[in-house]
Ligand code: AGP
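Single chain ahead, by itself, as structure tokens, in the form predicted alone.
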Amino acid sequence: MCGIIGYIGNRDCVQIIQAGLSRLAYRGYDSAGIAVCHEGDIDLRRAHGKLENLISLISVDPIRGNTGIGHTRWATHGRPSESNAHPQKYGKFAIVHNGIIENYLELRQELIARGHQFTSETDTEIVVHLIAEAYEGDFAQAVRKALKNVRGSYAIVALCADHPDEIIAARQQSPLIIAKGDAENFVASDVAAVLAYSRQFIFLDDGDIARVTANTIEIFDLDNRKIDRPVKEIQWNLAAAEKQGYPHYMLKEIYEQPQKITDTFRGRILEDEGIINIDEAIDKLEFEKCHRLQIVACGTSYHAGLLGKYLIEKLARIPVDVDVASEYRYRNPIITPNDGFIAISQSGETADTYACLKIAREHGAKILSICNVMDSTIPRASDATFYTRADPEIGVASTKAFTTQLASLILLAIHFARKLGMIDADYTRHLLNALRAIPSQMEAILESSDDVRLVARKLLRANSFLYLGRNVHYPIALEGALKLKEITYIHAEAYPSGEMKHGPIALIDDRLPVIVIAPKNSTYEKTLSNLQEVKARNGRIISIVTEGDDMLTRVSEHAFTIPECDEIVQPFLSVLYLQLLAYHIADLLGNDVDQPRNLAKSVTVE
């Protein structure tokens, strides 16, 4: 979510940290800050907004030192502001943090009861207070004791004014690396931040705590047992490092999806209690009491909205309409104060979606946005926002933003259903268990990317594709066709499988690839019948099926498999194959995958 860099050595650390933060700016741009050990204290500079604001501040009010940490923030807890920017400082300690402390409210209340006063809204400030409280002269031990009270994810880098010759770093479910230099060392959330200074890297694992000086690196676990981590030599150039070695941002972002789904779920799933932990502002809207929900979005976000309709109606039994924003705004829509309005936008700046939101506002509807960019236009105009935690998405063709939107909609659907009593605690736990399994199942599918590339090579000569899916997989078929069009420039159409006989069947011949999403679920037998019709006309069937489905595999030119799982989570798995297929075809054709022609990342005009 955020960018982290730390330096310890003989050089002035400020310019090194600023340069590193510029390499990490894509990870967060709500605020930035630097803390430096200097003459027995910690000097702190922070600025709201982009990194340039911090650099301007330091040029007017400079700081110097040989040990420092820096951070560029993508806000989670607490709005973007100077007081919520990192580093967070308390007494003689300062830390930067990437991740989410799930029990921060509980810890905050305990600390306040013990006399602590807080200056920010962040979960991060909790940790620096815990470190200060645990400190008895051993800096690393204080960090270790503090983290034993913490539940959640973190990449933390900390300074102590009493120990200007060391940095303490710790990792749990958020990336953190150490780079070795000559009488200097670096800590960062990303190789790109420090590749200009070193090619020798140590990748920390979950539970690691590192004590870093200019000349030494020691790694321990939470029980203070020493650990050896290998040093790896990275040969990437800086451009490749920003992509973490992937040839394109799009492929990197496809592979990031399991982690971003985890981030979106984190702190929001209370499995033991069988409930979803929704932000208080969203809960107060009481969307479950609305007579009807209206979802409005564009492009990929519209496809997510279609799947949201299936999920909310299936689980919560609330009527849902879904509209393309550019049509909704011009058709004099019927909307009342009893309606709930959900605007979905990755950037939060989509012009048509924002225009629809203003119409809903004029008619008194309750407004919820689902967005990836903190404090962008659409969230600011909404009554509440559900943030997707996908991190900045660089590739124009959306991938991780889409699946985190799906994750958000599933959480909302379960929450509404639970509050209305449409599902009980046992069934809720079943669904939450299914959600918990998604990231590992996605990772297993991503291991088959080379197999997808082989299939893509066989399809390069096709000049049109047909995508078919039923129920929850119809929006996924639409998304797969859109991805193919966006980056390969090959025509593709998506249809509900049952509509094939109403026109598209006329297109089928031995040259037309038919991409069919048909895992075993409530519509499996109907879809199988549709495929027999394709096969009878010599169509080229590329299918996505449940593992062990020999029947559908036999009629397919190639079958990709997903594990057996609940129907509502199948879309997370099937869409991966469609993203990879589009990517590999585009790459094999030599197209500019990250910046396809005629397209922009954020559509801020009509």
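Residue positions are given as counts along the sequence shown, with the first one as 1. From a predicted model like this one, the values you see are computed outputs, not experimental measurements.
Below, we turn to the form predicted in complex with ligand AGP, even though it does not appear here.
Proximity to ligand AGP in the predicted complex, taken as a non-hydrogen atom within 4.5 angstroms, holds for one residue of 189, 345, 72, 403, which is 345. Screening 124, 388, 257, 350 for any heavy atom within 4.5 Å of ligand AGP in the predicted complex leaves a single hit, 350.
This chain is displayed without ligand AGP, yet in the predicted complex the stretch 482 to 490 from 380 to 388, 189 to 197, 482 to 490, 157 to 165 comes within 4.5 Å of it by heavy atoms.
Residue contact with ligand AGP in the predicted complex: residue 185 places no heavy atom within 4.5 Å of it. Using a 4.5 Å cutoff between non-hydrogen atoms, residue 301 counts as a contact of ligand AGP in the predicted complex.
Contact check for residue 324: no non-hydrogen atom falls within 4.5 Å of ligand AGP in the predicted complex.
In the predicted complex, none of the heavy atoms of residue 468 sits within 4.5 Å of a heavy atom of ligand AGP.
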